[in-house]
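Below you'll find only one chain, the form predicted alone, shown as structure tokens.
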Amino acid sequence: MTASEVRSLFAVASRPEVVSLAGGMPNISGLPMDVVGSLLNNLIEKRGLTALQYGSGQGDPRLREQICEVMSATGVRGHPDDVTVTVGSQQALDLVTRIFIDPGDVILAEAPSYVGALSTFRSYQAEVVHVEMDDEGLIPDRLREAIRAVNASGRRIKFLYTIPSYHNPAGVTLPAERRTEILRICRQEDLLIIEDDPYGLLGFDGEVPRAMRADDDEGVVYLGSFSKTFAPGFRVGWTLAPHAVREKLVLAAESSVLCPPTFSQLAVSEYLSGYDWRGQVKAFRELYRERRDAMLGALSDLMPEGTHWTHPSGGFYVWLTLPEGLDTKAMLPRAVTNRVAYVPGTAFYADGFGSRSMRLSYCYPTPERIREGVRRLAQVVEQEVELRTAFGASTSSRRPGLDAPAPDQS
């Protein structure tokens, strides 16, 4: 187990003088705290003896029913018996990996991929093989190639891990036709899909993307969370899995935490039943859209030539790629000195790539702070470009796809 690069940034990024474009903290200032306080007070008064006691290892039955209702917004038809409540979706990732992975097994994951997932996979001694992405997410032909290469080497692929909607860290979204093609490939190869969908309801344009699980009940394990659509402090997530997998998940969960926190579960349940949560999600979407627009506008106005970035249609993140020869990890101390923070791209790869890229988060700062943060970052990038011009380009590791410039990103 090793410390993540995101965690190591928090101490610096939390200083008030630093504009943090690093952490993906949900902006819960949009929550009506008076309503939440009233719901919690009502919970303790009426159900306190239950809320403060041990509970089921699988999770509260009523909450599992409500989770099925929440998932229906993405097209998923689930049964409460196949839902397991977890301590955030991060625990769900840990449990799935514990069940399926033996040391040396292969997990296919997008390039780049969620840093928390990579840390979990590493802790169980899995080998991560990255699959190339572009501005529309995972590329089906590259998935086929990766499967063939791993099979030819005699190694075992246990599952494909993917974030198809509003990807963390890339900010891209897999279109419907690619989802269908990837499902077809995985069925042909008898390959399980772990679909991580914490941002699926937080789109800015049009309808909610249809989850891959909605079109395959047996070949997809679906992970969800209330951290982005309600509040992360309750640490309530879930898995929806085929029945045989669900049984193993419950056993693994019981051995890990005995049971998920009853108070947190009932608090979320009270919120879902006693408040217009759909209206609150809509309010979050508007809040994050405003911040997304502020970041994209600032990047367009301030970033030097040769810099490229994705254009997210939902979620929290933009993936930024710098000109050739620059290294975002080496540049980070100078950025922090200039009072701006980001996450270097290498944190999101298991194989050392991503040195030209960084993840920028727009979910937490105000639009004004976002623009100021991008201004400070652009100054650092310009200085780095001048140094490169004066002293020559350094060697930069990169892979094709999101790390390569695309004509429609600048």
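As the structure is a prediction and not an experimental result, all values here were calculated from the model. Residue indices: 1-based, along the sequence shown.
Beyond what is shown, the protein has a form predicted in complex with another copy of the chain; the following relates to that form.
Trainee: I'd like to know whether G75 contacts another copy of the chain in the model of the complex, with contact meaning heavy atoms within 4.5 angstroms.
Mentor: G75: no, not in contact with another copy of the chain in the model of the complex.
Trainee: Answer yes if any heavy atom of G297 is within 4.5 Å of a heavy atom of another copy of the chain in the model of the complex; otherwise answer no.
Mentor: It does not: once another copy of the chain is placed as it appears in the model of the complex, G297 has no heavy atom within 4.5 Å of it.
Trainee: Hey, in the model of the complex, is W309 touching another copy of the chain, heavy atoms inside 4.5 Å?
Mentor: No, W309 is distant from the partner.
Trainee: Heavy atom to heavy atom, is R235 within 4.5 Å of another copy of the chain in the model of the complex?
Mentor: R235: yes, in contact with another copy of the chain in the model of the complex.
Trainee: Heavy atoms, 4.5 Å, another copy of the chain in the model of the complex: which of 324-332, 144-152, 298-306, 247-255 makes the cut? Say which one.
Mentor: Result for this chain: 247-255.
Trainee: Of the options H130, R213, K228, R291, which one has a non-hydrogen atom that comes within 4.5 Å of another copy of the chain in the model of the complex?
Mentor: Among H130, R213, K228, R291, a heavy atom within 4.5 Å of another copy of the chain in the model of the complex occurs only for K228.
Trainee: Taking 4.5 Å between heavy atoms as the contact cutoff, choose which of K158, R98, R285, R339 touches another copy of the chain in the model of the complex.
Mentor: Selected residue: R98.
Trainee: Determine the residues of 48-84 with a heavy atom within 4.5 Å of another copy of the chain in the model of the complex and present them in sequence order; the list may be empty.
Mentor: Heavy-atom contacts to another copy of the chain in the model of the complex: G48, L49, A51, L52, Q53, Y54.
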